[in-house]
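Only one chain comes next, encoded as structure tokens, the form predicted on its own.
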């Protein structure tokens, strides 16, 4: 039976998971330089050991209310098809393994989020983990942006 290893994180009360093979590193939130005329969900850029990378605010990207940054807030640096970018999250929880048979397709009504961002829902006992399509985070267009 195949399994995936996930890095889990939270935004508010929701738990999300991303493939650990896409995670380059997890860092505390450094000073972020705003970029004029960037998309609304791009918080800005950071200098990560000489490499400038964009930072996506997932709360803005998913149309969630903003939250105050805490000591638990982190940036997960991802590498997707040669693109390196970071996502701001409320906290990083754990690394876990998820069997393929514990992953369901996304529900038709996607939990208040744009379904384009969700590749599935992982079941871990009573917990549900929203698994993200990472290529849509920085490249895809959200429905709420198209209607805005």
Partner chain sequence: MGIDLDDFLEFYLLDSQEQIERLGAGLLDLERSGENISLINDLFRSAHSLKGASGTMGFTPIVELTHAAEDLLDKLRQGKMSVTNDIIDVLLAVTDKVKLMLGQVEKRMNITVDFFDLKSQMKMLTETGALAETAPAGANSAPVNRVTHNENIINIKEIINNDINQRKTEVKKAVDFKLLTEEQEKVCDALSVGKYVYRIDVRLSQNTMMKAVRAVMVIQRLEQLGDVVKITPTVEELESNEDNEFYILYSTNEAPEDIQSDVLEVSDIDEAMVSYFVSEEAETMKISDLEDTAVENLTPTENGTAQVKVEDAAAEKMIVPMNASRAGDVSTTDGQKEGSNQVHTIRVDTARMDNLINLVGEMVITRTRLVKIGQDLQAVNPSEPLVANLNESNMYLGRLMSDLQESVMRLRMVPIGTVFSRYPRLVRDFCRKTGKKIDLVIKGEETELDKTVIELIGDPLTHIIRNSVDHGIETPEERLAIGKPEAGTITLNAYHEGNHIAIIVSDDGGGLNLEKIYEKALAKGLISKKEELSEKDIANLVFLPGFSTADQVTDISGRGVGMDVVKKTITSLGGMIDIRTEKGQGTSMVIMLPLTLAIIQALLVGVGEETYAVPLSSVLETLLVKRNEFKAVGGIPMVQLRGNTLPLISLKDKFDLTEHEQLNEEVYIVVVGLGDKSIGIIVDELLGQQEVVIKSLGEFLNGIPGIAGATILGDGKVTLILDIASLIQDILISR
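Numbering follows the first chain given and starts at 1. Being a predicted model, the structure only gives us computed values, none of them experimental.
A second form of this protein, the form predicted in complex with its partner chain, is not displayed here; the remarks below concern that form.
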Exercise. Based on heavy atom distances of at most 4.5 Å to its partner chain in the model of the complex, which listed stretch, 63-71, 116-124, 28-36, 93-101, is the contact stretch?
Worked result: 28-36
Exercise. If you check in the model of the complex, do 45, 51 and 138 all have a non-hydrogen atom within 4.5 Å of its partner chain?
Worked result: yes
Seminar exercise, completed: Contacts from 73-98 to its partner chain in the model of the complex (any heavy atom within 4.5 Å), listed N to C, are 83, 85
